[in-house]
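Only one chain is included here, represented as structure tokens and corresponding to the form predicted on its own.
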Amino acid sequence: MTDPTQERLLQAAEEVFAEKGFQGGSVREICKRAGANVAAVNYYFGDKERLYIEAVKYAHRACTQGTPLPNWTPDTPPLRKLGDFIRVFTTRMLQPSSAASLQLMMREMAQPTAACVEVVRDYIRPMAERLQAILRELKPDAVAEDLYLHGFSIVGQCLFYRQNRPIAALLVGDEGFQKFDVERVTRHITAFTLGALGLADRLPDCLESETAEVAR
């Protein structure tokens, strides 16, 4: 839990680093935007690099906030887990986040730093492992590399609606893009995924989910 000053520093750092990057963003400007003393960065974060890492993690949380994955019971069918995962991830990608959060994450993905290592370790890897476990239930004989390919395809399709939204809106128009709501995109990505897994006829089993009402 952050206190108000620490929260303001993270918000300001997210904005400044999103605009100017790590090298161009200054601690003095961040503190000015946050209404904090320059010494506050050392007090809360130790140095500029640690502030940057925490700002990237802060941005990642903002980009992925939303409907959590359900607490599946041991007897939950893997097809339902897959549908839940795709629905939750799609919901997160279609929910608006601050422009600064997305811009900072795009900077970090384009030019990874130590922050990327921590984001993967703390947030992305746990989600990837859950997806891998679901795919392993569905394809117990598949080699690990193939499961990763399936997982990358699922996540890549979901991320498209976040990262490429401006391009998609230009292609189909703002009104057309608005028709790509959570339910429609979830069904589309799920159908593609099941086709790749050789389970195209099982789409209804994937979409019968306890998260469907929550996501609406």
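For every residue, the number given is its place in the sequence shown, counted from 1. Everything numeric in this text was worked out from a predicted model, so none of it was measured. Note that the rigid core is defined as the largest set of C-alphas that superpose within 1.5 Å between two forms.
Here the subject shifts to the form predicted together with a further copy of the same chain, a form of this protein not shown in this document.
Of the candidate stretches 48-56, 32-40, 154-162, 61-69, only 154-162 has residues with heavy atoms within 4.5 Å of a further copy of the same chain in the model of the complex. The three marked residues, M109, L149 and F192, each reach a further copy of the same chain in the model of the complex, with a heavy atom inside 4.5 Å. Contact between A133 and a further copy of the same chain in the model of the complex is not found at the 4.5 Å heavy atom cutoff. Within 4.5 Å of some heavy atom of a further copy of the same chain in the model of the complex lies at least one heavy atom of G24. Under a 4.5 angstroms non-hydrogen atom cutoff, a further copy of the same chain in the model of the complex has K179 among its neighbouring residues.
Residue contact check for L203: none of its heavy atoms lie within 4.5 Å of a further copy of the same chain in the model of the complex.
In the model of the complex, the residues of 124-142 lying within 4.5 Å of a further copy of the same chain by at least one heavy atom are, in order, I124, R125, A128. Once the rigid core is used as the reference frame, the Cα position of H188 differs between the shown form and the other one by less than 2 Å. Q111 is among the residues whose C-alpha shifts by 2 Å or more between the shown form and the other one once the rigid core is aligned. Taking 2 Å as the criterion, R202 does not count as shifted between the shown form and the other one: its C-alpha moves by less than this amount when the rigid core is aligned. The pair G173 and E19 is tighter in the model of the complex: their Cα-Cα distance falls by no less than 3 Å compared with this form.
Figure legend: C-alpha atoms of R165 and E19, shown here, are separated by at least 3 angstroms less in the model of the complex.
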